[in-house]
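One chain comes next, on its own, written as structure tokens: the form predicted alone.
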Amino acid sequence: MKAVEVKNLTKSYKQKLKTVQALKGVSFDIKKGEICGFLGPNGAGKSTTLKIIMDFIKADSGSVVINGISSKDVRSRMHIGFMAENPSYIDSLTGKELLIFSATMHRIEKDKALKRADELLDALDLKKSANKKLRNYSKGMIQRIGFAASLIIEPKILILDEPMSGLDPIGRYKFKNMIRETQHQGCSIFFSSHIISDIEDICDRVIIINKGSIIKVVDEHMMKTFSLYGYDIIVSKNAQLDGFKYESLKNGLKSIRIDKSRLEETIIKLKGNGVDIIAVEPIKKDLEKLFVEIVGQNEN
């Protein structure tokens, strides 16, 4: 069973005198136990999709099934931790009170909620601010307390909308580690972002959306093969490389860069010439370059 199944979602909005189609038949699924990234530029339809999954807004057509239950049934969201892009809380609450409130809404016993709140506040460097009013929190602190509120219920599915917006580098590092830890506990995680490095660091699979349509699903295998475009073959410093273009490295070794289609023939030729091969290192495009290519192909 899939954690989440999204089928043929469409959604239009009225803007002044015209109708804007935000989603155009969006379909995808989230596998159990995976970290799945939802990548696209601002205005691509990411937040609209997440709001429909959470039943905050209604789709014009299509369906969402969560753990085998329609998203229109409130039971489907009993074990979902959700964090909005720009979370808005009752700002007279303290950080710890927000966590206890979130736990209480999910019928978690008070003693367990208090223990879990203290653990999360400590893990996200909010312990000293636990009793501070939310109105005095910075944007980064609001992001972290919102994340803690989504985790306190020990979710089976975690849905996050631009979760690392406003975090400093240390905050991003800790955030990513906690996402990985949550996955190891058996949680399925789906998060949207327009920051490609965040997606690339931790995702098993990436769903790319642009202008309301899914344009590519990049899994781990595809990421490895699709992004590979060549190899660096490292050879000994005394190697005779007649007919090969090479670069001398700082340690005295030599590097031959080739297209991925020429790997086998190049290795055979080098070995035939008695060249000692030290290493073969793949050269890959990063996700940012892939994203630009995929979006460009889609728009063309």
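Quick note: we count residues from 1 along the sequence shown, nothing fancier. None of the values given here were measured: they were computed from a predicted structure.
Beyond the structure shown, there is the form predicted in complex with a small molecule, which is absent from this document and is the topic of what follows.
Of the listed positions (Glu85, Asp91, Glu119, Asp204), a single one reaches within 4.5 angstroms of the small molecule by any non-hydrogen atom in the model of the complex, namely Glu85.
Scanning Lys132, Arg180, His79, His194 against the small molecule in the model of the complex with a 4.5 Å heavy atom cut-off leaves one residue, His194. Contact annotation: Lys254 falls outside 4.5 Å of the small molecule in the model of the complex, judged by heavy atom distances.
Proximity of Val20 to the small molecule in the model of the complex: non-hydrogen atoms within 4.5 Å are present. The closest non-hydrogen atom of Gly37 lies beyond 4.5 Å of the small molecule in the model of the complex. Heavy atoms of Ala44 reach within 4.5 Å of the small molecule in the model of the complex, making it an interface residue. Listed stretches are 258-266, 46-54, 65-73, 231-239; the contact stretch with the small molecule in the model of the complex is 46-54, by a heavy atom cutoff of 4.5 Å.
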